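Shown below, as structure tokens, is a lone chain in the form predicted alone; questions about how it binds or moves come after it.
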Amino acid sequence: MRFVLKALLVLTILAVAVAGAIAVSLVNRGISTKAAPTWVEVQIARAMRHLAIPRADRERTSPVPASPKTVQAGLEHFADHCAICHGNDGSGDVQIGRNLYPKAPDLRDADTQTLSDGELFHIIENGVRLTGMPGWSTGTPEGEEASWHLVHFIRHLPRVTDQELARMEELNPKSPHEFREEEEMRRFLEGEEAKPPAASPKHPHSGGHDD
């Protein structure tokens, strides 16, 4: 009994010390998302992520067989929904990914690739609290199938080809500016005259004030 009490006392002291170290770190570094998470934060986050995924989900296997077709479906979904934070290559080295806290992980690295298929599926469906990772579950069989496609594509990321990356660029969501540039280029290549931009309608009081 005395040994148990001593062990609990040691664990309590360690917990208080860790909490104090995190508090001091936050006071010294502030709450900017630009800073990299400390080693302690990383280890706690990984442990909490692991504990937050039920064992049954961790051990779950994909009901969707891996194939070129399912990887392609995952590629298209990833390019349209995920690349804005993770990059087409999964590196996370894009504007949004770099400025999240914690930063978007490199999905090609062992920290992600060693997760089970069930863990990846759970994260895609449910997200991760206190990070930029949202949950994408739609509660439908079609939504779950799309998430399994993403799992297969994430497994493929370390071997993604230049041709696949080029295809993903075509599928990435376009901004209004990019749409205009593409339309202008299309008109130029087809020999059409570029239409002048539509004049902005004048406000009834745009002529100024009399006073």
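Please read these numbers as outputs of a predicted model, since none were measured by experiment. A residue's number is simply how far along the shown sequence it sits, counting from 1.
If you look for the form predicted together with ligand HEC, you will not find it shown, but the lines that follow are about it.
The contact with ligand HEC in the model of the complex, taken as any heavy atom within 4.5 Å, belongs to 49 out of 58, 155, 167, 49. Taking the partner from elsewhere, residue 134 is found to have a heavy atom lying within 4.5 Å of ligand HEC in the model of the complex. Although the partner is absent here, residue 112 lies within 4.5 Å of ligand HEC in the model of the complex, judged by heavy atoms. Contact annotation: residue 150 falls within 4.5 Å of ligand HEC in the model of the complex, judged by heavy atom distances. For residue 73, no non-hydrogen atom is located within 4.5 Å of ligand HEC in the model of the complex, even though that partner is not displayed. In the model of the complex, 100, 102, 103, 104, 105, 107, 111, 112 are the residues of 87 to 114 with at least one heavy atom within 4.5 Å of ligand HEC, listed from first to last.
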